[in-house]
Structures are given as structure tokens and as C-alpha cells.
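Single chain ahead, by itself, as C-alpha cells, in the form predicted alone.
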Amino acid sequence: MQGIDFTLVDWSRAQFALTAMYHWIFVPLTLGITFIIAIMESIYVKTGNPEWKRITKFWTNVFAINFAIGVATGIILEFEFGTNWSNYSWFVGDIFGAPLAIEGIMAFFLESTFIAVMFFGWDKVSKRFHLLSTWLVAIGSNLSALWILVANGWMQFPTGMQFNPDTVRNEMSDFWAILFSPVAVNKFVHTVTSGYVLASIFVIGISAWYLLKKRDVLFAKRSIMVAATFGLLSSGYLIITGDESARSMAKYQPMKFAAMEGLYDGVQNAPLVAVGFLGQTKKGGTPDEIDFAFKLEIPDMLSYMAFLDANAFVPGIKDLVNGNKKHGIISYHEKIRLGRMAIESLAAYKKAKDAGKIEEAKLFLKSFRENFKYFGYGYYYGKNLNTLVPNVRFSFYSFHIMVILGGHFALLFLLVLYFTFNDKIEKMKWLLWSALLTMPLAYVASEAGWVIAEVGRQPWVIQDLMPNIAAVSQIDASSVQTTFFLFLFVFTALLIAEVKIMLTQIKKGPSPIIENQLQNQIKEENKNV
């Protein structure tokens, strides 16, 4: 690790986190609102009621504003893999690039082709073809998320690949193992479902504002009905996928799992911290331990959540760092030693092969393959093991904020649906204000999910195989600092522009329809039926 520029590593991480978090402001709304729009248009085509066309057009315009700015941040994010993380880009070979290439060729092509029909095809194509285009845009946007999350899932649980010692690159050996890896599957379904919940809250919140202002009441009620139904169903599935994601994390990323619960000492019948506040850090230990100032626990729940067994042993941070022979956990010291052997064996193999010593090269290659799964730990030889422990405070609070807010969202959907079905939603001012104020909380929960996913796995760019110190490009740290503040300014300006344009569109409201015109359209539709 000599010669590592930690300033460069930290600023490269900060820049990527900045871009990813800004990008994720726009993406979840796109994932969910496209399906809400498709459902609304399906109702229009089924009933022939022009009011549903009016509703669909309004939310399509809102989606267009969000989509345009989201694309800009996404392009920059992908470029950063080449500019700031070139060693990573080389090391992953064709594995990381393949899903992104499929995303561009198939999903983005599908989305971009039919989005023009969705926006401009009203009254130019048949109703059914326009509806098909809207559904294909929704499917395309979610397919884009699929391939990106498959790539991210592989980083969290590398599988379906072989390392080529001659090129020093990972090469794909089983595409289907990568696509259907349990981590990738759980990450995709949980992430897109969270987008559905956020979009539902977004639609409900704006509709609540119309009801509070006592304008476009029919439009608002119908929008709430669709969004609340979609959101409630999504919330149920979000809970299921979150539970599955937790078990996947406990199995494949136990350090992340321990960090998100602030669990330092492994225990059987481990309780789940329902509510807690972290206190002071104990200095001098490895790792530095953080005490709880307060916590409220649910007995046995963490063990059950992790392994579907209330009596199961859940390893803590200390067990993973120092090892636990009773439970078959080897220490980080041992992993570092084996990782160092892998790095040295790879270098010796290449040297022996270049010298024509084939038999000697085979022995070094055998040693390398035996220890390859600890390859990344070798970069931390002789260093403080605390650097291999993620930020516990960030992980703990992000997880618990996400879970608490998720419960709040499900309750909100239930209440909104109940009062809407009973035609009392207009009278429930407190509920309408709650829906409106919940909108920013949906974004907080969405970002918190990504914090636990990415901060919780640090320092790994590829779990156990490549840490961030080995993945970063060898460029000047000052250039990364400069672009960080440039991106901060540009992204903030884009966000402000989106909010301003969207507020203007919301204040303008759905396009007015003259009453006589509406009645004539309804009569015409009835005649056709």
C-alpha cells in the first residue's frame, strides 16, 4: 500500500458518491411514474372517458421533466468508471461492460424509441398503439435498471467469472449466473419496488396539494386512487424483498450486515435494534467500538431475519475482524496473509512464464488460484484493520431510517385509500398535509437505501477482490477536486431547474377541458361503443 494517494482515493469516492446520489434523485420517480401513467392510460382506453386522458397527459408532462435531467446525470456517472476508476474498469474485463452494453442496446433503445410516441403521438396514432408505446417506455426504463443493478450486484457478489492471470482481468464464464445471482435479483426487485413507492407518494403528494387548494378535485381524487393502490401493493412487495435482501446480505456480506445493526460481538438469539442511538467510540481497540446511548430491541429477531432461525449465531464486527474458530470464521489477519500470497504468486507466475520456466509457473499459478478469493485483502498487508470496517454510524442510521420510513409509507397508503374509497379524503386536512410533507421523506428513504448498500460494503469496489485503493485511476487529485465542485454546481443547478419547471407545471395544472366539449366527447365515445 506504499505510494497510495489517499487524497485521490477519497476525492474520487466523493465525486462518484455525489454523482450517484444526484442521479438517484431522478431515477426512482422515472421507474414508478411510468407504470402509474400506463395504468391511467389503460383506464382511459378501457372506459373512453376523456378525463382519464387529461390525467394521463398531465403526469406524462411531469415525467418528461424528470426524465430529461436524469439522463444527463446518468451519462456522467458511467463516464466516471473510465476517468476515475480505470484500474477497476480493466480488472472487471467484459463482465461489468456486458450488462451496461445490453442496457444501452436493448433497454435504452426500447425506451428512447417509444418515448417520442408517448409524448407526441396523441391523436397521431391509434389509442391502442399509443397505450402500447406507454407500456413499452415503462418496461424499457425498468429494463435499464435491471442491467445496471445486475452489474452492481456482481460487484457486491462476484460470480460467473474466471480470472485470467495472463491479462490480469476477470472474464465472464457464465452469463446466467451473473444475471440470476441471488444478490443481483434481490437488489433489482427491491430497488425498483422502492422506486414504485416513491413515485406513488409523489403523485399522492401533488394530488393532495390540489385538494388542499380545492382545485381540479376530480383529477386529484382519481390520481390518488391509482397511486395509492399501486403504492400499497408495492409497499407489501418492498417489505418481502427487503427481508430477502437482508438474508442475502447476512450470507454474502456479513460485515455490512453487522455494521447496519451496530453489532460488534456476535451472539446467538441476536436481538434486532428497532430504535437506537449510537454514543461514544471506544478508542484503542480494533475495530473501534461504538456504544449505544439508547436502544430498544426485539428479542431473537436479528437471528431470524438473517437465517430464519431464532437460535442462529450472527457474527459481529469483532468476530469478522479477529476470527471465531467456534463458528468457522477466519480472521482478517489470515485473509490478508492469504491475499498477499495470491498477489505474490501472480507476480511470480508471470515472471516464471516470461522466463520460460513452465513447471515453476504452474506451481505459482496453483497457489494463486487457491488463494484468489482473498486477493483484495492482500492490499492491506501490515495496515490498520479499521480500514476494512465500513462506517458503522452511516450504515446503522441509514438502515433504520429506511425501515422506519418504509413503515410510514405503507400506513399512509392504507389511510389514503380508506378515506378515498369512502369519499372523505377532502375533509382529512391532516392526512393531505401528511401526504404532502411525506414527499421529501420518500427521497430520504431512497437515498438511505443506497447509502447502506454502498457505504456498508466499503472499502470494497468488488467484494473481497478489489478495494477502492487498487481501483482508482492514477491521476492528479487536484483534477478530481476541481471536477467535484464543477459537478456539484452543475447538478445543483439542474436540480433547481427541475424543481422550478416542475412547480410551474404543477401550478398550471392539467389542461382545462370546456364542459360542453367534455360532454360531447363522452357522447361520441358512447356512440362508438
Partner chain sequence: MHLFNKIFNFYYLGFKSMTTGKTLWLIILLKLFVMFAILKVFIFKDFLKTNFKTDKERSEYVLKKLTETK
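Since the structure is predicted, the reported quantities are computational estimates derived from the model, not experimental observations. Residue numbers count along the first chain shown, from 1.
The same protein also has a form predicted in complex with its partner chain, omitted here; what follows describes it.
- Among heavy atoms of Lys507, none comes within 4.5 Å of its partner chain in the predicted complex.
- Proximity of Leu296 to its partner chain in the predicted complex: non-hydrogen atoms within 4.5 Å are absent; the residue sits far from the partner.
- In the predicted complex, none of the heavy atoms of Leu488 sits within 4.5 Å of a heavy atom of its partner chain.
- Taking non-hydrogen atoms only, Asp166 approaches its partner chain to within 4.5 angstroms in the predicted complex.
- Look at 199-207, 346-354, 453-461, 319-327: in the predicted complex, residues with non-hydrogen atoms within 4.5 angstroms of its partner chain sit in 346-354.
- Checked against its partner chain in the predicted complex, the residues Tyr379, Phe230, Phe396, Phe364 give one hit for a heavy atom within 4.5 Å, which is Tyr379.
- Checked against its partner chain in the predicted complex, the residues Ser181, Ser235, Thr73, Ser446 give one hit for a heavy atom within 4.5 Å, which is Thr73.
- Heavy atoms closer than or equal to 4.5 Å to its partner chain in the predicted complex belong, across 32-65, to the residues Ala64, Ile65, ordered by sequence position.
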